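Take a look at this one chain, the form predicted alone, written out in structure tokens.
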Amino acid sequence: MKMLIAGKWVDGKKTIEVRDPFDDSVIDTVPNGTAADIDAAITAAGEGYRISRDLPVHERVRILRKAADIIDDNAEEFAVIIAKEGSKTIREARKEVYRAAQTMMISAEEARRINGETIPFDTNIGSENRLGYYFRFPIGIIAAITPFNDPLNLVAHKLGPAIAGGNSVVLKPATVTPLSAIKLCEALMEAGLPENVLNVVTGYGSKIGDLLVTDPRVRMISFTGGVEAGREIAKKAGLKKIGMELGSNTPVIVCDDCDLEQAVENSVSGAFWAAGQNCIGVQRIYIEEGIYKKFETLFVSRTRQYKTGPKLDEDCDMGPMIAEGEARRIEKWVNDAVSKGAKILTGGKRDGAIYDPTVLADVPEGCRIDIDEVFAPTVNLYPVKDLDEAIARANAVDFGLHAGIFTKDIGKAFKAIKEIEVGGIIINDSSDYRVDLMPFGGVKNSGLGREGIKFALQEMTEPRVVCFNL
């Protein structure tokens, strides 16, 4: 596949192999982008912004709706690409394709609702004859930097609202999963997006990332990725807007009055979706002592039913991690926890990039698998005496993206809603629930700002005040 710069699909002098992490086979190649490619893409995006800001809303709506239709019409092709280049099974990939089409359709709808308000200037003495309002205008060139774990829909979450708001974009997709992103850009161009509005540069972040985020022509950075990379971007970006979703270490609380089977089924799914490489995936489960043993038994039994293997097999439940190096990393983290007293209840074995669904108990406080984001198919079970202890321990990390609680007691639910420090809390489901129109983001090290199309549009546009002195 090729890069998209200034309306042309272009090759590079060097290429990067895109490999299937299951068997390390080469799927395709993409250009190894250079500093010159980044400069050309930003220059083209400057021209594109002058086009996109004047593009009528009805035309933005038409383009986004058409792109959504193209995704729907080619859903299986998109799904196979997602499954081959990343970690998702074909069934998981199909769900991502459906969501990406929804994201583009919602973006089309929200393009109609970028509204302003009248301003009562006459609330100020001396301004009795003033009248005015504010409206929202596009911010300019947006740099979109996307991760590997949702290689289509998280790209859609940046491109959809950016285009809906009248901006232009330079996209840098994840190096290991660029094919889904390029396929989406092909759909947008086929839908009639004007040349230069969207540019795509593939390559290594270490080589071209700084050039993209530090360029003063770029007016906003929309980044999804790791905390350390986010910190570096914030240091280097300069005076521009930044939106970041940086991951989490997600807690789920299981109260003794809950529907236990529901709590087990939903939490297992939440822990091992996409091989655990999911920013709202379940990592820590706090279970009230009276039901702990029963929950543990059911949870381990359900986890052992998970089938790993070739991602395109219809009965495969979980594929490999994105690379063998990542599987080796979590293997080390688990072994470190075990050396300090943790117990492996099931799993704990690695075969290449596949790391078996793993359940841990007696995890000591302070080890990496307890306090950091694992981004892997492991989950920790902890008994707690009551809801107060569960909430305190849920908050005892430097992340706060999502949380879940299972309870039939509305009072307990509202206590958790009030006291857990997160951007979203899910009642009677695991933390791993999201629809694409809701505000999505977190507190503490989980990021800055909110995604979700309506809310991303607020980040990607600015208010301009108009005041008439009559």
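Computed from a predicted model, the values in this text were never measured in an experiment. Just count from 1 along the sequence shown to find any residue number.
There is another form of this protein, the form predicted in complex with a small molecule, and it is not shown here; the text below is about that form.
Residue contact check for Ile163: none of its heavy atoms lie within 4.5 Å of the small molecule in the model of the complex. Using a 4.5 angstroms limit between non-hydrogen atoms, Thr303 is distant from the small molecule in the model of the complex. Using a 4.5 angstroms threshold between heavy atoms, Thr175 counts as touching the small molecule in the model of the complex. The closest heavy atom approach of Ala229 to the small molecule in the model of the complex falls within 4.5 Å.
Residues of just one listed stretch (353 to 361, 204 to 212, 287 to 295, 92 to 100) have heavy atoms within 4.5 Å of the small molecule in the model of the complex: 204 to 212. Contact annotation for the candidate site: Val268, Phe299 and Pro377 all lie away from the small molecule in the model of the complex (no heavy atom within 4.5 Å). Residue in contact with the small molecule in the model of the complex (any heavy atom within 4.5 Å), chosen from Thr224, Thr308, Asn196, Asn153: Thr224.
This chain is displayed alone, yet in the model of the complex one of Cys279, Leu184, Ala390, Ala111 has a heavy atom within 4.5 Å of the small molecule; that residue is Cys279.
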